[in-house]
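First comes one chain, alone, set out as structure tokens in the form predicted alone.
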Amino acid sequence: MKIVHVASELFPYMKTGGLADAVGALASALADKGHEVAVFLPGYRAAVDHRDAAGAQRKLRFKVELGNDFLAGDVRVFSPKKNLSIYLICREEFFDRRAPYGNGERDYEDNADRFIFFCKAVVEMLRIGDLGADVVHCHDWQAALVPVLLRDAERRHGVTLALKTVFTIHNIAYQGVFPAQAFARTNLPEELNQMDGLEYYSQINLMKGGILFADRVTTVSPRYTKEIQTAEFGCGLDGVVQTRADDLVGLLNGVDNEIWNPAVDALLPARYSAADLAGKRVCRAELLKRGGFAPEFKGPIFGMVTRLTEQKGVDFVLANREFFLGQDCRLVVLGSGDKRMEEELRELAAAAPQKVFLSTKLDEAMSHLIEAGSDFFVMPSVFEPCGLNQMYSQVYGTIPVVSRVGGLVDTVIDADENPSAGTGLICEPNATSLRDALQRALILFTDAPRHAAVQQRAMAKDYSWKVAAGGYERLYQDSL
């Protein structure tokens, strides 16, 4: 099949979260399976400057209509591996920036123009580049206009640009909602600016367009597919999602085992496997050193790699500060985001530097070390469409402590609820239930044979993208 992916992030060229990992790994896995795969990505500074793109050639120059304006751009293309091509949509005014969506304090004011332009550029490249796609697969709100723009372009030009379109909701909380006047920049027929189109409470909602106009809609876990059809988790789009229930499917993300694999992980001080955990002990010692903790400490280490946001349950962790101060354990946190949360974690680390460590740096090596060197990984999300770290943790023999939401439930089995199959600990998304789970983690840690059994079951799980990509292959084939 000829498969085109469209996304605002792609590892290793631009990453702010799991979207980049998921799109990068899925595209790579599909290419490995012999499909002809192309990925469209905005031409961010980091992507253009990446070593893979050093030999990128300017393939085409294009011009698209944006409201009353005609804006030009370039497309640079390179191929990092067999069957995989990366297309960078370049226009310096929009994408020559260090961060993709905002400056850290607020979103860029021109995000509507930036991503409407991106979507239009992708469709124009499909037309003039004659890619002949079987499937065009779009990810999250930044690419959500592609399905409707594509069909509109086919109607206007009398051509077929793709046989089928797929839209994946990675996180329905981020929808691309903009003032009503932004609709004019799409140049779409005015009848699409209504309740059964892009209109959303006198604004426009780009994600709504992807949900309504793609041939198939997916989410990143089976449970999340059900959750977003409810008022609690649908973030105002639950009714829209319900209209596509027959075309909706939940497919779990996977783990890129070329990157997240303790047996080959070059970012670790030592490698290891389920059969020989000696290297994990070396990683634990290095994590204690990096955290400034006493090297002889024998108790459990709780790790977190997270965005500091309400969604990730950071406030539940902060509400349990007395647990981390009072119990014989250590807490290592890598993350940045909400300034209040950062400050409260910094105060906690300053109050007990011998027990709590915080780093707010963007540090990929440290994130791998925390996964490898911790005994438990804390992920008490309020909602979690799929989550990757709970899967990374199991692969690395680090027992996840997670909330009973979304993909966390689909990938973790509670060791107390199911002693013969458990791979982690599950709590309700609140501070009290998290405290209970942390206490259960202490009990599990002191029972060495049981702890080892849970660890071995976790490491035996196959979360590879080879498995996950098979689900997308079947979806594409079924759609076609």
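One-based numbering along the sequence shown. Keep in mind that what you see is a predicted model, and the values were worked out from it rather than measured.
What follows is about the form predicted together with adenosine-5'-diphosphate (ADP), which we do not show.
In summary, the region of this chain contacting adenosine-5'-diphosphate (ADP) in the model of the complex, judged by heavy atoms within 4.5 Å and restricted to 110-118, 91-99, 304-312, 188-196, corresponds to 304-312.
Listed residues Y87, F376, F167, W260 were compared with adenosine-5'-diphosphate (ADP) in the model of the complex; W260 is the one with a heavy atom within 4.5 Å. With the partner removed from view, the residue among D134, E364, D338, E154 that has a non-hydrogen atom within 4.5 Å of adenosine-5'-diphosphate (ADP) in the model of the complex turns out to be E364. adenosine-5'-diphosphate (ADP) is not drawn, but in the model of the complex it has a heavy atom within 4.5 Å of L334. Of the heavy atoms in L388, some are within 4.5 Å of adenosine-5'-diphosphate (ADP) in the model of the complex. adenosine-5'-diphosphate (ADP) is not shown here, and in the model of the complex it never comes within 4.5 Å of any heavy atom of R457. adenosine-5'-diphosphate (ADP) in the model of the complex is not approached by G470, whose heavy atoms all lie more than 4.5 angstroms from it.
Taking adenosine-5'-diphosphate (ADP) as it sits in the model of the complex, the stretch 17-34 comes within 4.5 angstroms of it through a non-hydrogen atom at G17, G18, L19, D21.
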